[in-house]
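First comes one chain, alone, set out as structure tokens in the form predicted on its own.
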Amino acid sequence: MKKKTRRDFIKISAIGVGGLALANPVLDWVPSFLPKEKTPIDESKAERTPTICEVCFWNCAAFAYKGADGKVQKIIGNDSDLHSTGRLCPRGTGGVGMLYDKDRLKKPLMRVGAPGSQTFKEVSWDEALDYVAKKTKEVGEKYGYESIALLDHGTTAHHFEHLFKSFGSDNTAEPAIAQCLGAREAGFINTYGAGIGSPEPTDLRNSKCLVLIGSHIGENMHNGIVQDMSIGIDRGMTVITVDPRFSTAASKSKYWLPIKPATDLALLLAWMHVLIYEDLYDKKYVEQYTYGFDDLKNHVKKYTPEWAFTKTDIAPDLIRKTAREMANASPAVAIHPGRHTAWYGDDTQRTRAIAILNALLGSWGKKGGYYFPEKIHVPHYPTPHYPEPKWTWKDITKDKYKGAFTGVTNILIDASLPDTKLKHKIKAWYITATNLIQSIPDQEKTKKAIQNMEFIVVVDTMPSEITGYADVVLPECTYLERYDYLRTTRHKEPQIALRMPAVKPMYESKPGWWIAREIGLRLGLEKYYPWKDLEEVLDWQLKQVGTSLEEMKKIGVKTFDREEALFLEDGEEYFFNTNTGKIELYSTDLDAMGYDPMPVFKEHPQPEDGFYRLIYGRVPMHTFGRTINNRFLNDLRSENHLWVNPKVAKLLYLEPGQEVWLRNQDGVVSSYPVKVRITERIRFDSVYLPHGFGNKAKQMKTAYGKGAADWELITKVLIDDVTGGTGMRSNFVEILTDNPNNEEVKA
């Protein structure tokens, strides 16, 4: 029998006030607050509150409308917002389901009993916060405050980053860097001296050609980009999609290139070869703005379309035809950088290739290509200087991953292992708004690190797998119930956007800023919190930029004038923030760090007979596993399906809708079955499984046990040697028609 460990999935006991499981639900599936006759709310009579959607990271500005009963009934986009242009995606309009989710965390919880008791009790905020402060002090005084790590996501992270810097720790990281943005940003920084940021500064409304490399626009529902892409298509933009799966974007494309997985870099290098050796590149742009062209020309000479065909399965004439299509559109062409870019362990070099292609086509800083985004500087509220940490994430990361530019989650987890070889150790975790069990590959390593922690506190709105491993669970209120720092992201025009509470926090949940501040005060950090509430901070900040909290409560979004040009003029002098002052086709920084200065194709493992590459992705109505329990969104998609090519289905005698199980190359089996979808839209050597399903947290009653979890099956991780990012697309699965979880099958 498996030994019970100290931290296992959450079990709410009846100790104390009565237990979370006994709390009354806010609403039934048919929401009691909606009018029975389903008449639309009269917006002219309803109370309107500005907010910023946090159902996904796109953070669209919106207005929440309340009925006469004071309950939020509708959320619509803010017409002035460049992120949304007044339109919200299905997730944004369904945000009210997050507010009224009957399964949300309602009261602070503390683990009780001896280690392994697996029970929690409801406690007061004072008891919970006093305990968090006490344990933070104990760990900080024993090992140094640097030994406490913050693993975070979302806007709540900013409040806790301030807390951590106040007590002397800079060991913060979010999974999105290692898995999505790290390699991409490093690739572009080492080419242009600037990263991409969010939203991606692609001028798709004016593009003549858009190239997508494994980027599932329309399924990941990046709102503004989806709208821009739609407008571009209406204006005649050509779309080229490179993907082993016929995605939604592929269905809108002139060319679909069903590439053999793990060979994308071969195609990118072959495209460079065609552009250069057929004299299709933008000669004036390359001559004026780039460094290392002759080196690149010699480098890609061997990477012919015929060579690439042997790697990618893409015919040479199609490689040439698509390269010419891009050249004909130049400079109004965008090779999209993607967002989830950690795939095979050489991901910085693959995104470098994308950056180089854009340079050859002259699209960086050009209309229809990439614009120069701007943001307004909003000053920080005055506080003393933070204490200087004795060590930071850099001391355990930069020796090996020299291109890392921020904390890397998996490295901090490595430093949390009992047998870590790193010179500094992590002894406690704060976790905010991220479910590490789902979001970090290699569950067993994460769980091993958890067992070694002296203290874990989780701050979130919902119970999930990770809340079950906490010593203390602190219930944060949803974005519709709180203030947060201003949204100041870069865009075509500088904008600020306000989030304010549409309703008071329900139950005993609290805003993230309040939680962080209360912990800070208990740690004796009053000088870093010289304000009584976030409204005071926001009003001060807004007055520094020429507005006020009173004005922003009315308009939600304010736009400012640009200081720099949106695009480069033809022949305009421009200095890039690189060693040479130019776009570096040959990267001097990568060369100095000991990496390949230009991308080099490397072979990657392919599945053995009987196995298929596991490809995962998104569905447009969900954000990872964060929204699966939202009943409005769950009604649109409650479970995932396994995409299987008809040839494979015939070989394995599979039928549409049949339940199957998956077993990966390391013998890990999916806990729950998944239904088969037989389709020509996936290559024969791969299967596709949407991410976020197969939840194991029983407290999420709507989502529990529905579909198969791709995150269970990702046990092989390929680390990007430049940034430390976690490539997860080298896992292979076999399809099982009998339930391997039955005892008789196991025997």
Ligand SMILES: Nc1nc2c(c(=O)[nH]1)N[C@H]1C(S)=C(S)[C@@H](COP(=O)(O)OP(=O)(O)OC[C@H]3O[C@@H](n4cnc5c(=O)[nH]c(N)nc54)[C@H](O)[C@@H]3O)O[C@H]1N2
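These numbers come from a predicted model, not from an experiment. For every residue, the number given is its place in the sequence shown, counted from 1.
Only in words, not in the display: the form predicted together with the named molecule, which the text now covers.
Per the 4.5 Å heavy atom criterion, the named molecule in the model of the complex is contacted by stretch 462-470, the sole one of 575-583, 355-363, 462-470, 123-131. Remark: Pro175 counts among the residues lining the named molecule in the model of the complex, judged by a heavy atom distance of 4.5 Å or less.
The named molecule is not shown here, and in the model of the complex it never comes within 4.5 Å of any heavy atom of Pro331. For the chain shown alone, Met221 is a contact residue for the named molecule in the model of the complex, at least one non-hydrogen atom being within 4.5 angstroms. Proximity of Met728 to the named molecule in the model of the complex: non-hydrogen atoms within 4.5 Å are present. Checked against the named molecule in the model of the complex, the residues Arg637, Lys107, Arg339, Arg517 give one hit for a heavy atom within 4.5 Å, which is Arg339. Of the listed positions (Leu82, Ile314, Cys180, Leu269), a single one reaches within 4.5 angstroms of the named molecule by any non-hydrogen atom in the model of the complex, namely Cys180.
Of the residues in 224-244, those that come within 4.5 Å of the named molecule in the model of the complex through at least one heavy atom are, in sequence order, Val242, Asp243, Pro244.
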